[in-house]
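What follows is a single chain, given as structure tokens, in the form predicted on its own.
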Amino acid sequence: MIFSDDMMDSAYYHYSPSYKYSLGIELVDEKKQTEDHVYFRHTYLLDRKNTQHSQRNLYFQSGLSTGGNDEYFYGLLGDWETRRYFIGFGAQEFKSNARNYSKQFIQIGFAPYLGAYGDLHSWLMVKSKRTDLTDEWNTYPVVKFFKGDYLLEFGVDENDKLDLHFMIRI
């Protein structure tokens, strides 16, 4: 996975021995700090509910930096979706020697068409996020595409900052 937003750029590789958890490593370039990080990450599925028409997920995420035990993050990530509608959220706390901060987001969207299995799927979304560094919500449009093992999600916020998420499953 590759992520980029106004706070950091990161590349993340993880392995999932089961659907319940994954272990990985993340290389992080902090945009507001001089030091970069390498995190050993753990993601755990706290709850999943599949119905005939929808699915919801709730994950616990954490990471420990190679910079020491006092550099880490933890948080929750969740979503609920049907083939037509999507709602997602996330909240994370980051701790380090240089700075502590939190960030949150909420995202809602819809699929303008319903594709068959294997088709290119598209979502039109609105994302709103904040960090406690500015304590202001930033809301902007996001477009998501996925097909097979590839996912691309991007938007540009009101400060002309790119918000990018790219994922390949192998």
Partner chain sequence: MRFSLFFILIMPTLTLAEGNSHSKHSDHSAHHGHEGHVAMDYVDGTATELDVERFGKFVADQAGNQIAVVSVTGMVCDFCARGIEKTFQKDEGFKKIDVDLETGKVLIAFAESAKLVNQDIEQKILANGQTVTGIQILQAQ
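Residue numbers count along the first chain shown, from 1. This is a predicted model, so every value here is computed, not measured.
A second form of this protein, the form predicted together with its partner chain, is not displayed here; the remarks below concern that form.
* **Stretch in contact, per heavy atom within 4.5 angstroms of its partner chain in the model of the complex, of 119-127, 66-74, 23-31, 97-105** => Checking each option against the 4.5 Å cut-off leaves 119-127.
* Is the gap between Y150 and its partner chain in the model of the complex 4.5 Å or less for some heavy atom pair? -> Yes, contact at 4.5 Å.
* Please check if Q55 has a heavy atom lying within 4.5 Å of any heavy atom of its partner chain in the model of the complex. => Looking in the model of the complex, residue contacts with its partner chain include Q55, since a heavy atom lies within 4.5 Å.
* Asked: Does M167 reach its partner chain in the model of the complex if we count a contact as any heavy atom within 4.5 Å?
  -> Looking in the model of the complex, residue contacts with its partner chain include M167, since a heavy atom lies within 4.5 Å.
* Asked: Heavy atom to heavy atom, is G115 within 4.5 Å of its partner chain in the model of the complex?
  -> Yes, G115 is a contact residue.
* **Stretch 69-102 - residues with a heavy atom within 4.5 Å of its partner chain in the model of the complex** => E81, T82, R83 sit within 4.5 Å of the partner.
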